[in-house]
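First, one chain by itself: the form predicted alone, in structure tokens.
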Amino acid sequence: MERVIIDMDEVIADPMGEMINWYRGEFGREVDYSKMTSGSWVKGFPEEHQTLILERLMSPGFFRHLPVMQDSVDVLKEMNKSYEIFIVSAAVEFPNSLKDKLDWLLEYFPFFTWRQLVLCGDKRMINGDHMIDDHPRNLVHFPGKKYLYHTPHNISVTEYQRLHDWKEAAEIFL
């Protein structure tokens, strides 16, 4: 059975969308998507608020109530029948997110067992046949087939096969 590694943030969970909606509500301002292309969506927020955005990312509870990426639950439920799936998140980067992410995954993806959930620091130790991630830094060392999940912060990256949504992933994996 082929192993598929799936990232969490910006792939099945939507922290950027959540943050943008919160920011619009709090400040009534828009973000600049063109400034996100350098690898971090935080840079799309006005410079005077970037520290606030990072603090909110680091705060307990932020990752617990994120929106789920459209179609990800249905597609992954079907993929889980034919592939060995692991959800892998570099959660240690945001230490307060560990429990939030685990609880979020168990709520929205109850068909995954705890053995399929990997909350780690560096993904270079991860091995499999396929990997879906939004950060090229996680794909570059991966030995299997690499899929870049489309987000504003990776729009200029062209080295990997791009997945724009979970319907496109279904066409490949189902």
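Note that the structure is a prediction, hence the values are computed from the model and not measured. All residue numbers refer to positions in the sequence shown, first residue = 1.
There is also a form predicted together with another copy of the chain; it is not shown, and the following applies to it.
Using a 4.5 Å heavy atom cutoff, none of Leu139, Arg162 and Asp165 lies near another copy of the chain in the predicted bound form. In the predicted bound form, another copy of the chain lies within 4.5 Å of some heavy atom of Asn127. Residue contact with another copy of the chain in the predicted bound form: Met79 places no heavy atom within 4.5 Å of it. Interface membership of Val73, defined by any non-hydrogen atom within 4.5 Å of another copy of the chain in the predicted bound form, is ruled out.
Contact check for Val118: a non-hydrogen atom falls within 4.5 Å of another copy of the chain in the predicted bound form. Asp122 is the sole member of Asp122, Glu55, Glu107, Glu30 with a non-hydrogen atom within 4.5 Å of another copy of the chain in the predicted bound form.
Exactly one of the stretches 22-30, 36-44, 145-153, 108-116 approaches another copy of the chain in the predicted bound form with heavy atoms within 4.5 Å, and it is 108-116.
Of all the residues from 86-113, those having a non-hydrogen atom no more than 4.5 Å from another copy of the chain in the predicted bound form are Phe86, Val92, Glu93, Pro95, Asn96, Leu98, Lys99, Leu102.
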